[in-house]
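Quick setup: the structure tokens below cover two forms of a single protein chain, split into structure 1 and structure 2.
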Structure 1
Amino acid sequence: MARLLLGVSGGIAAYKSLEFARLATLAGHGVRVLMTENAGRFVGAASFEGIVGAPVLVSEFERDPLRGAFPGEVGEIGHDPIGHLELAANCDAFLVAPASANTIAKLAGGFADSMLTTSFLACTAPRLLAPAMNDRMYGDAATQANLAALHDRGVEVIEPDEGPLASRGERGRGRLPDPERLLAAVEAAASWEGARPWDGLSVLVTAGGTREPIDPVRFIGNRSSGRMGIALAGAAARRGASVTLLAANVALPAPAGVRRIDVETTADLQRAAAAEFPGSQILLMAAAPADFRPAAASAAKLTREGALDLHLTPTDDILAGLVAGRTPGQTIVGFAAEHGGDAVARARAKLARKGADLIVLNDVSDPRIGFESAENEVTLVAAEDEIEVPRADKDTVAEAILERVDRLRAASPTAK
């Protein structure tokens, strides 16, 4: 665990810092949040407190109820009876995101008029700034001179991204980078060694639902949104793996740093998986391939005349094919969407039949979880045990799945 201080100042992008706090907490870090008073006009302290599990501090005159401790630490640290500098003294890295033009100017001027600015001035750990603002504010000579001065004093400035800005219709450089990129920068600055336990591993993830054409405009498909696979790809990338995502009709963007290959049909997915699997150590088959396809797709759009009989033929079993060609040291995780009944027994049978190392079972009869929803609740079925992962957002469920994969690989004599 790294101890991270997150400074939040008043800008539209403050909502993205909530996601940063969530990702950093999910990755196992202890995060404390210092907000400017104006940041509170954009996002509420209660949201940060709920995410990181510790009070947010605003004023330098406030006493920290945790006396400088970070979430996950036992007991109180409490070196300094005055207390306002303890978090700065105890952190491994300090990120200000978003850094408003106003807060950047204050930091460049050495102001100490809030908990954020006071702590920044007193912090000897690596300090990072992620400016986010309108591109004209960013490009102004004053902002640029302030950033240059901070950079010269050893502060790492994370350049904003270019793209659509909050002001309607405007584009330019000023967007806060993705929370994943911010976290990677902070972890690198904090020299957090445990940050990339999957460094050197290649992970192949499949996501979404395949489509089997009936004619050029119609298809047989399913309701898989690809969210679970995207969450897994993001979690593997955060562990430092090199991740390839085979995305079957996924409308959502891939996580930062993930290589994406789009596919449409089960046959496309099978071809891409066969090409990518030999170079991967871990396969996470979260996609829902169609089990049947029309025996013959019409080359021309079918017209609405009379009844239409579709003859369906089974598609190839992708997972079984990959398992048959596996080499020692590869870990294979299959997914089973079951509809009620004795789902665990059926998942266990699938584990044995397919020869996978783990089956992630979800019950698609519950509309609150699984397909198209943001949450999931799964049972992890392995040869030696079954673990129930309670209902949670898909990122949290993805972390639980990868932790189980870690344990499977630790117990495997061939996994490296």
Structure 2
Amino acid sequence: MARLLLGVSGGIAAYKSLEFARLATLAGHGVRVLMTENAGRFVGAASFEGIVGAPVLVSEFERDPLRGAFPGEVGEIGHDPIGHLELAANCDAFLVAPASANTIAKLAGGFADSMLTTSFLACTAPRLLAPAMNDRMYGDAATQANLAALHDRGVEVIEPDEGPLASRGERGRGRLPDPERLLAAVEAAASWEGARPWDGLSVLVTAGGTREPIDPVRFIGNRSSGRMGIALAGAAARRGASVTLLAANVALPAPAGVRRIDVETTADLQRAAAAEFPGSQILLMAAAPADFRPAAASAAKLTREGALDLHLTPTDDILAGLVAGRTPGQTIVGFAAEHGGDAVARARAKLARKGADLIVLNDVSDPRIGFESAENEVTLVAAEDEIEVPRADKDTVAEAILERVDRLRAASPTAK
């Protein structure tokens, strides 16, 4: 079992960290807790101490009576070590949850004014942050820049959930994820020794749905929200990859540390993908490009007088074009949104027709996993097999997809 450091900063979501500590302890992990002074305004240190069976440290000048030991290990009572170095040197992973905007700014700036921040600086084990705050604070350019800087230094950022916020009546992205999701991320990070598995890889992800203009106001489009692509981009970044996201009309923020390029039409997406794909080892084509576009878009808003005859022409097949220009070692994943019937047979036909390495099939006729849903249920269709991924949140489904990509690349003699 792992030795986990949990850093708790000031925020209403600190109560969820108690549940994380409980779950991690029940799973057999040794947990030590570091708190900022402001965190104590929301949750008492005694609550954590009762759960993990070890003292909570706040000040960098505090004595650690366990001499940096984790619960279940033997510590030398009475010794007065440099606590922030001892704990950081002996943990297998360090999670800060909740990570407030203030603490994130301090960590990005290299501040060392508490046991949490000094230990974070001294830690060479995998480090993870789970931001939790108001959605406007989370979306602010300063917070996003700080998260991007930390990601570039190898810190894993666990994206916050979307939903009701502490501010009365407000909803948005900024909720601390459920403790189960946090524990899964920490356990995965603790199992990676040294470099993360996708360090050095460049990954191109497309997300959302393209829009083809009819006139300056109207367009032809689809209902793709981009949630699955966002989840894939975040999962690839957590594995250490350098990720570029081509976002087609996506309202959601990109995961921290992910380079984002916004596009609107299928032609825009095609140009951006053609420019980015040659430098990528993995393509995750989760976007839903429009299959047709108006043959001629009106320069002025069309009036409602009389009938409207709209002539449509097919758009270019972006995935097929990228497959045709691939180089050895590139792995290409396509997506198929089907609506009932023999969806697997159609996905397998698409796999052969497009020449991709994997098709991710989801049946959008199921309202539980349709457009805008926070969950998904997919079938991974490869040349040699079909793997069903049961219904789960899209972050979990994204991890399953990337695990299948890992196996495809391990079996490829040219994968780089």
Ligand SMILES: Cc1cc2nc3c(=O)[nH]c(=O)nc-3n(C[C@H](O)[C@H](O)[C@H](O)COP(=O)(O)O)c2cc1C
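Whichever C-alpha set is largest while still superposing within 1.5 Å between the two forms counts as the rigid core. Please note that residue numbering is based on structure 1, beginning with 1 at the start of its sequence. As the structure is a prediction and not an experimental result, all values here were calculated from the model.
K.L.:
Compare the two displayed forms of this chain and pick out the form predicted together with this ligand.
P.N.:
Pick structure 1 here.
K.L.:
Core-aligned, is the CA shift for R239 between structures 1 and 2 2 angstroms or more?
P.N.:
The answer is no; the displacement is under 2 Å.
K.L.:
Taking the rigid core as the frame, does A383 move its C-alpha by 2 Å or more between structures 1 and 2?
P.N.:
Shift at A383: below 2 Å after core fit.
K.L.:
Establish whether a shift of 2 Å or more occurs at the C-alpha of L26 between structures 1 and 2, with the two forms superposed on the rigid core.
P.N.:
L26 C-alpha, core-superposed: shift of 2 Å or more.
K.L.:
In Å, how large is the CA movement of P131 between structures 1 and 2 relative to the superposed rigid core?
P.N.:
Displacement of the alpha carbon, after core fit: 11.1 Å.
K.L.:
Using the rigid core as the frame, report the C-alpha movement of A97 between structures 1 and 2, one decimal, in Å.
P.N.:
A97 is displaced by 3.7 Å at its C-alpha.
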